[in-house]
Each structure stands twice: as C-alpha cells, then as structure tokens.
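Next up: just one chain, as structure tokens, the form predicted alone.
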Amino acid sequence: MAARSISSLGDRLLDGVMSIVEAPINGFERLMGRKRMPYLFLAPNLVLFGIFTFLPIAIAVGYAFTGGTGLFVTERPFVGFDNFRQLLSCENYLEPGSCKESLFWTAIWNTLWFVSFNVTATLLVALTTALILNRAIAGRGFFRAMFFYPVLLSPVVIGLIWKWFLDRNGLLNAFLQMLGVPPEIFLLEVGWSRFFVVVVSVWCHMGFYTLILLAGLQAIPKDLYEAASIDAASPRRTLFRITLPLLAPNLLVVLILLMIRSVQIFDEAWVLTNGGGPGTANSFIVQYIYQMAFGSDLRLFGLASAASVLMGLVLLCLTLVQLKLGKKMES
C-alpha cells in the first residue's frame, strides 16, 4: 500500500510538472502554428551555431579586405583584394622562393604533401583495422576501445608524448642503443620529422575513422557473405565484390573528413616539431595563418584572414566535388 501511494504521488507530481510545461508550449503553438513549432526547439542551437560558426566566418571575410595592424575593424583601412594579390603573387607557383609570400606557398606545398600521405595511410590503416575488428576475434571489445582511446586525448598531449618518445634521450633511442644502433635526432632531420608527423597523425586519429568503417561493415547483410561462401568465392573476390562496394558510402564520409582534418593539421605537428621545424619542413597552412595573426609582433590579421578564406574555399570545393562523386556512385 505504501509503495502504491508513493507511486501515485509521483504520477501526480509528474502530471503537475507536465501541465506547467505544456501551457506555454500550447500558447506558442497557437501563436506560431504547428508547422513552425520545430523551429522554436531548434532556435537555441541555431543561435549558438550562428554565434560560434557563421559570425567568426563573417568576421574573417571582413578582415581579409582590410589592412594595418589594428585589432578592431574601425581601426583598419579597407584595402580591397590587396591581401589576396599578395598571397597569390608568384612567378612560379612550383618554386615558393619566387613568390611574394614564400612562406605561404611553402606551407601550401607542405600541406599538400602531408594530405596525400596522411589520407592514404590513415584510410588504409583504418580500413584494415576495421576489417580485423569486424571478425570474431578474442578480446574484440578491448581492442576496439584501445584503438579509439588516442582520439580522446588532446592533440597537445599526443604531441608531447611522442616528442618525449622521439627525443635524442627518449625511449626509441634508448631501445636502439640496446640493439647497438647509434641514436638518431629524429625531429631535427627533414625526412624523419615528416615521417613521424604522418605516423603521429595516423596513430591519434585512425580510431575515429575505424569506428565509422566498422559501423558500415556491420550494416552489410550476412546473407551476402553466406551466399559468397556457398559459391566458393575467394576472400579477395568477396572483399572487392561485396565488402568494398557496399562500404563505399562510409569510405566517402571518411575520405571527406580525412581531407578536411589533414588540411587543418596544426596542434600535434606544432608541438612535435617545435613550430614546424626543422626550418620550414613541417610548416603547414594553419601554422602560417597562426603566425601571421598571433605569432609575430606585426599582427597581420588581414593577411591571415585572406589565407584562411582561401583555405576555406578550397575545402568547400573539395567537399562539394566528393559529395557529387558520392551521388554518382549511389545512382
């Protein structure tokens, strides 16, 4: 009896709360109409999205057409397309030294190099890992968690961990010395530093893309694999005729996200290579934007904003092209 009375009391309290909430909602529904009610619930998120996404984009575009070193727009003279002309002024785009903004074009070519290797390596590693984790192996849940764990870490923490590991007196050199191999200064050599920037990026982000591909693999009907085994199809034929074609939408999503993330590389590379070293070997486009805006005493916000606008347009074009290719693949 006591339990019933407590339950009925809870039901009455819940009904009272719901009636209080329902009254203003019904008032808004009568005022706005039923079809417009979803916009009422979406409004808070749309406002926050606009403040923290569209407003900064608008400010960056506005700053791209101004000059000077002032912080506020009212303190900055309008210069039109001068910042874009300065960035794009080049005698030979394949030789950054012939460009007016040589650091900008050095960063572009470094970014293109990184994108090509990082996207390829991450996609292959994530796909291989997803295929393995999709099989009935012992400790599958544990390995899924372990592969995803680096995604939860801060990029700065990841950069510091790997920097400690690759330092002259770090663990890797200690292991090499045990084998009788002389120590290497990995982060002060161009080849090694570029190699490990890609390795660190693959290590810390592949878990996220593995989950996306794993979700796509688990959505493939098992009947198709049973039919393939009955027809005595080889594993290679099953992979290329069933798995990869049905996984194409997930692969496209991973490719788009990877391209965007790779172009925006900054945190872990900055910490790992001490700001893009050795020299400018690991200086990327986001690092150039940061240095122009905040890394020097000149505070060239206009030039940095123009570079960020160009980067945003390139990313937008790449995304639209990949989405259009995705629609063609589906049709």
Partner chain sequence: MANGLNPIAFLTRTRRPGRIDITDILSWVWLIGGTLIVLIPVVWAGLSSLKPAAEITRFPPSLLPHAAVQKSVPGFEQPLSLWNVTIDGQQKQMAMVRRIGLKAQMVDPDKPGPPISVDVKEMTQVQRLTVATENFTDPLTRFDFLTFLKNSVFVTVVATLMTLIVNALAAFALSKYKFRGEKAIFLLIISTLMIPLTVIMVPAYLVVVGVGLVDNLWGIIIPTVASPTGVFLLRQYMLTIPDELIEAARVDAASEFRIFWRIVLPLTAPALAVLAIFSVLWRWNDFLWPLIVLSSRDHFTLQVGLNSFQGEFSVQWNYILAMTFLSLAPVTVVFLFLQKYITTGIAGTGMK
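Rigid core here is just the name for the largest C-alpha set that superposes within 1.5 Å across the two forms. Here the structure is a predicted model, which means the values were calculated and not measured. Numbering follows the first chain given and starts at 1.
The form predicted in complex with its partner chain is left out here; the points below concern that form.
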Only hit among F195, W164, F78, W113 for heavy atom within 4.5 Å of its partner chain in the model of the complex is W164
Residue within 4.5 Å of its partner chain in the model of the complex by heavy atom, from L188, L246, L153, L224, is L153
*Closest heavy atom of A281 to its partner chain in the model of the complex, within 4.5 Å or not?*
no
Using a 4.5 Å heavy atom cut-off, state whether R168 contacts its partner chain in the model of the complex.
-> yes
Does its partner chain get within 4.5 angstroms of any non-hydrogen atom of N274 in the model of the complex?
-> yes
Would you check, heavy atoms only and a 4.5 Å threshold, whether G68 touches its partner chain in the model of the complex? no
- Counting only heavy atoms and a 4.5 Å cut-off, does its partner chain in the model of the complex sit next to every one of C90, L103 and F117? no
Restricting to 87-111, the residues within 4.5 Å of its partner chain in the model of the complex through any heavy atom are none
**Prompt:** F294: CA shift of at least 2 Å between the shown form and the other one after core fit?
**Reply:** no
Determine whether the C-alpha of G50 shifts by 2 Å or more between the shown form and the other one once the rigid core is superposed.
yes
